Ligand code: AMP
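Form predicted alone, single chain, as structure tokens, below.
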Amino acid sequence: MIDLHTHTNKSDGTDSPRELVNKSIAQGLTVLGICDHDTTSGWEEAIQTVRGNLALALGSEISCLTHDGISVHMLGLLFDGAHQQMQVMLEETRDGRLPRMRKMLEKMNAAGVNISMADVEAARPEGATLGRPHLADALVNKGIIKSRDEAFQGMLNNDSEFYVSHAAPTPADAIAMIRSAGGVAVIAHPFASHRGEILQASDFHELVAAGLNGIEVDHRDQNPEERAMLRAIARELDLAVTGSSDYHGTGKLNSLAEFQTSPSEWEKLEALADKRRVVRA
């Protein structure tokens, strides 16, 4: 079983890297992709824990914005974690999250929602990349909403009156950086329309020109029709097809390995990195 898109408490998941690796081993996964948002801070703990038949495909989920303001998430896998320019880009993207959070809180306060930065910080694990899920958890803790899912279907949706975008690279720039760092770029859940505005099929040609390697097709936030469209795009553009859980622990309903990548597609994707960076015990 190959699951290339999961999160730990180094961003907005609830499992530590150690706990996630242990769960993956117990569940019989053969390849685990850890892609915390805009950070590689969970890599070392995962590397120290991996054993048995499990291999790690380490990476990061990079927050991007198109020139039209559409939010896109780009999975960078198997890149060199010591690549300085990549780490600068990740750091700059993380830095943009704080002013964004403050603006969202200001909007909520103006609408009569009693929530503060202290509430958000109390809900964020130490060292985790700040994000909307921590705001969702703070809202849950205060009894304003019932769950993260409710938050992202309403108050924290990209189309919500409270939504604020943040400084981020374009998808093409993120892809170019991932490739420069020796990794492979897979666009995450690109047709998840319930999250807000999405890309059009024609947009993929520009991403391929920038170096895109794969499309996350099988994902719970994309319905069968959307998956079929993405599979056709991947076939037309000779891109790898992945399936992933986007597991966040108890933070979301997604179950580990509920969607998977076939061994043949993973082999195709892995071969496109400039070095063999899969980590084994």
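If you're wondering where the values come from, they're calculated on a predicted model, not measured in any experiment. Residue numbers run from 1 along the displayed sequence.
The protein also exists as the form predicted in complex with the named molecule; that form is not presented, and the subsequent description refers to it.
In summary, the region of this chain contacting the named molecule in the predicted complex, judged by heavy atoms within 4.5 Å and restricted to 248-256, 232-240, 39-47, 24-32, corresponds to 248-256. Scanning Pro133, Pro190, Gly183, Pro171 against the named molecule in the predicted complex with a 4.5 Å heavy atom cut-off leaves one residue, Pro133.
Between the named molecule and the residues Arg179, Arg124, Arg94, His73, the one pair within 4.5 Å by heavy atoms in the predicted complex involves His73. Residue contact with the named molecule in the predicted complex: Asp80 places no heavy atom within 4.5 Å of it. Although the partner is absent here, Glu206 sits far enough away that none of its heavy atoms falls within 4.5 Å of the named molecule in the predicted complex. The named molecule is not drawn, but in the predicted complex it has a heavy atom within 4.5 Å of Phe152.
Residues from 1-35 that approach the named molecule in the predicted complex with a non-hydrogen atom within 4.5 Å are limited to Asp12.
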